[in-house]
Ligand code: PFF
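To begin, one chain is listed below as structure tokens, in the form predicted alone.
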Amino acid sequence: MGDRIRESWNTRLGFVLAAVGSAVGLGNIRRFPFQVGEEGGAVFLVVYLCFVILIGFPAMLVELSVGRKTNRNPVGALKMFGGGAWMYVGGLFVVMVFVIFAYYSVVSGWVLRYFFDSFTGAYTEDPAEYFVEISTGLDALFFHAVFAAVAIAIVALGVQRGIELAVKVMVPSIVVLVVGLAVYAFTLEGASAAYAYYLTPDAEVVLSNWHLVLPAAAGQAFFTLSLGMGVMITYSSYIDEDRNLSKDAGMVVSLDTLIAFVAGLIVLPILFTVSDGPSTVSGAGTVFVSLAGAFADLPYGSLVGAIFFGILALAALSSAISILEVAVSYLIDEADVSRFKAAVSVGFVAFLLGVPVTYNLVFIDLLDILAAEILLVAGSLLLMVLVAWLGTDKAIEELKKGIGDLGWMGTTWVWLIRVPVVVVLVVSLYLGFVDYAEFLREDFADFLVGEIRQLQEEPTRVSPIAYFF
């Protein structure tokens, strides 16, 4: 690294809001309420909260302690913390940036499109057909480019003038808007039935579907906190004071979980008001079909739709900038590249990798399952092993700063990582490989067969780019 002074957060609030903004992404507002519907309502919620406490919080402390101790990007941090070979695990986090941002930006582009179209009601007449029309092709490519450009611009401005300033506006706005929509949802006809489903656990669901509920809840609890992709290592590396990391982690976990919980108080009453509730919940794109159609039948539906998709857009952007920052910090620290060049280079490459997603939605699953269920889990597992089994003393020493003697709490934290966290990640990684193999064997294979047949029928169609025209 050259003589460039490493950036830092201007305030403690800036760091906390940035970490919360990273965690509160599309997974909280778009995915979580629908998972609750698919996995049994209140039972999933209870199991999810248990995993947040037992898995998510300890794992977050791991990443925060490694980042602050080393003051480096994930590659440099793991090299310093565990030795030279561990830098390749940090490299895995950097690779994930490009894989995740590629499809995340495209989906976020859809959110932007829906936000603007809320004012005209364009998606309410035939939500399913509308989604088919805008989810691929030139429209999807354009909004993918717009979203990526905004994220790149914020990261290029720097930690204080870009990321910190942006999250100080976005995160409080998300909180206010989410609470406002929850109050509105409380007035809907289906609210009582939705709350009963959401807040009254049914033990039979766990007994009959434990093999589905437990992995889903564990995965959501871990991944919704932006763990396993190097974000928290990177963000905590900009902390320049010895403050209580457990308190910071507690604030981030609490706010993230609270927003996810309140999102359920919004989405489920809407679904129960216009339909039979969770029976409409299926598939990752459901939010763009079920809810888009529901807004047409709600009081002040256009305004509600605009606010909802506005929240999604802010949440998506706050997460996207954290994803980009991981690779940008790597180039700045390890290659002494200027922040502007690093942000533009990383963002442009990630944008190009997202272009195939705008051609066919099968590429979303191709990238999403690979990143979320394999790469991210593998990287997380290795990081937990490093800290809990090989670098325990270093981690405990870092956590003591701002706290003092940890006593039994330090021992409990270490063993939570060594056993429950590692076990959950091992099982999740196995299930991830099984899921990805099934996807490649069935869905992706069907896509390739279809493409080959189409090329045989249309010999002049030599490139997928022809699809856009």
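Residues carry their position along the shown sequence, with the first being 1. Nothing here was measured: the structure is a model prediction, and the numbers come from that model.
Missing here is the form predicted together with ligand PFF; even so, the following discussion is about that form.
- Query: Can you say which of 294 to 302, 191 to 199, 229 to 237, 117 to 125 gets within 4.5 Å of ligand PFF in the predicted complex, counting heavy atoms only?
  - Reply: Only one stretch qualifies here: 229 to 237.
- Find the only residue in 26, 47, 429, 416 having a heavy atom within 4.5 Å of ligand PFF in the predicted complex. Result of the distance check: 26.
- Ok, 319, 108, 358, 380: which has a heavy atom sitting within 4.5 Å of ligand PFF in the predicted complex? Contact residue from the list: 319.
- With the cut-off set at 4.5 Å between non-hydrogen atoms, does residue 224 touch ligand PFF in the predicted complex? Output for residue 224 is yes: heavy atoms within 4.5 Å of ligand PFF.
- Message: I'd like to know whether residue 323 contacts ligand PFF in the predicted complex, with contact meaning heavy atoms within 4.5 angstroms.
- Response: Residue 323: yes, in contact with ligand PFF in the predicted complex.
- Task: Using a 4.5 Å heavy atom cut-off, state whether residue 104 contacts ligand PFF in the predicted complex.
- Result: Close contact exists here: in the predicted complex, residue 104 approaches ligand PFF to within 4.5 Å, heavy atoms only.
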